[in-house]
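In the block that follows, a single chain appears as structure tokens, in the form predicted alone.
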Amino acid sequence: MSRIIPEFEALRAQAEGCFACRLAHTRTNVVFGVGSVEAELMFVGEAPGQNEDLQGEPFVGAAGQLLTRLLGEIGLRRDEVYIANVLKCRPPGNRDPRPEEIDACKGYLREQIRMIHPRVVVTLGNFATKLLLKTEVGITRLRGQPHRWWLGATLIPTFHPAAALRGGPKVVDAMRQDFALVRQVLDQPAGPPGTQHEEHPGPVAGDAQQMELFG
């Protein structure tokens, strides 16, 4: 069972009482995140959908079931990883997040990543990938490529599970390959902060750049 970190629970309480953007007036629940604060692996999606808004937990529908299944295939359970979104409140009609909503919410994600300090961060889909890598390159070209990232973590983009369900078996198989890479990186010995995995080098996103992103 994951230990309780008072600083992390204080951040959760702050998010649950947040009214920094207009989404606070249309949400049912704040979807802060779920999983272990000691996780080596963290997933970042876009924003809660209808089911997530109702239940207060990310990835609880069909997309969440696919995520859970793919985790199981690499020997992990949901309670061993941490799952969060860029936005903590559902945009009406599941529309794309707006810049002012991201600005109001990004500090929560930054602090979640800082406190959990995962070895691997997996971005799910175009939106989270473009935001965290500060790129306009699409997920189809970026998926499965490891990047040395903030705080020494390795960031690996993959498709969003909902897009994989729409895209069919080929997209699911591509996600399966990406999860196998995640397993491979996790199985490597942990190096000093800021070092790059030798077997899977990727572009460097330096600390200063990421501080600007989240700051």
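When you see a residue number, it is the position in the sequence shown, counting from 1. On a predicted model such as this, the values are computed, not experimentally measured, just so you know.
What comes next is about the form predicted in complex with uracil (URA), which does not appear here.
Residue contact with uracil (URA) in the predicted bound form: residue 59 places a heavy atom within 4.5 Å of it.
Interface residue remark: residue 49 is counted as part of the site for uracil (URA) in the predicted bound form, having a heavy atom within 4.5 Å. By the criterion of a heavy atom within 4.5 Å, residue 160 is counted among the residues contacting uracil (URA) in the predicted bound form. The closest non-hydrogen atom of residue 33 lies beyond 4.5 Å of uracil (URA) in the predicted bound form. The stretch from 182-190, 164-172, 144-152, 38-46 that comes within 4.5 Å of uracil (URA) in the predicted bound form, counting heavy atoms only, is 38-46. Counting a residue when any of its non-hydrogen atoms is within 4.5 Å of uracil (URA) in the predicted bound form, the one hit in 68-101 is 85.
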